[in-house]
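Read the single chain below, which is given as structure tokens and is the form predicted on its own.
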């Protein structure tokens, strides 16, 4: 499967930075942290799914202080051989999709990062939980809210953490905007716009397979505008409306959305207008309007650097590889209970899935759907 046209390749603006730091948000703190040796606990992680994004996470983890790649789970033996050589992974920490339940008996692995097609997440996450390991799951957490709830329940029953790969919750410019919002610097919030999309390539890839993806653009890139609306406005939506446009029914088969425009209403009266697409370029933009100020971010969710401005001027926080911050931050959460400014737990993932379910229902019925 070629990764051409995947959001990961399309959104990339710079090669991965080698800077690694824990969750700290001012440049002074970032610099201080970079020169201080870290001697605390290290989260030992196995990556499940050695594709393009798994490769990105592994590369970013080389710069982590609090997390380390120690294990591999893959259905492709040749990838395991290559990764073992590159990252120095012992053979005893390598598994395939049939036998990875045996991690239960491996004390050298603390957590598994599930980076496989969406439709596989639920069963794999539940198996990892039953093996007694913490789970990090790439987003969307599952293909619907029913699956998401089962995953949350299974991890609670197993007494393990379920975290979701919301890298933007650790990104310094995004964090600064959320802090400004919490401090009331934008005044009463009125409107959010989120534009998320790209032109997808290879028509045979899993992202265009209903069974594996759970849908189309909404299950891949659209979730950024959903999650972004929630953390930028600081509220949960109470209704959605949505409209689908499909220009290529051959590439985008039944149940695989090409483009969806959707709107959300919030308890305060604020509204959001968003676009999720696999058929348009030059998007990746967030805009927030309040009575006292505004935020414009473009790119808003790409791999970096994020760029943006507010009514007070340019956002100048340093670019640090998102996945490095995410993995160090998640290790800090697991070991020290330090929470990021916006949650990254299974309940957060479930909220997005409930909204996605409502958007698909609104598309199908043509009606406003209450949440």
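A quick note: this is a predicted structure, and the numbers were derived from the prediction, not measured. Positions refer to the first chain, counted from 1.
The same protein also exists as the form predicted in complex with a small molecule; that form is not shown, yet it is the one meant from here on.
By the criterion of a heavy atom within 4.5 Å, residue 277 is excluded from the residues contacting the small molecule in the predicted bound form. By the criterion of a heavy atom within 4.5 Å, residue 224 is counted among the residues contacting the small molecule in the predicted bound form.
The shortest heavy atom separation between residue 117 and the small molecule in the predicted bound form is within 4.5 Å.
The small molecule is not drawn, but in the predicted bound form it has no heavy atom within 4.5 Å of residue 339. This chain lacks the partner; the member of 75, 201, 184, 293 within 4.5 angstroms of the small molecule in the predicted bound form by a non-hydrogen atom is 75.
A single residue from the set 246, 179, 146, 79 has any heavy atom within 4.5 angstroms of the small molecule in the predicted bound form; that residue is 79. Looking at 267-275, 136-144, 285-293, 100-108, the stretch with residues near the small molecule in the predicted bound form, meaning non-hydrogen atoms within 4.5 angstroms, turns out to be 136-144.
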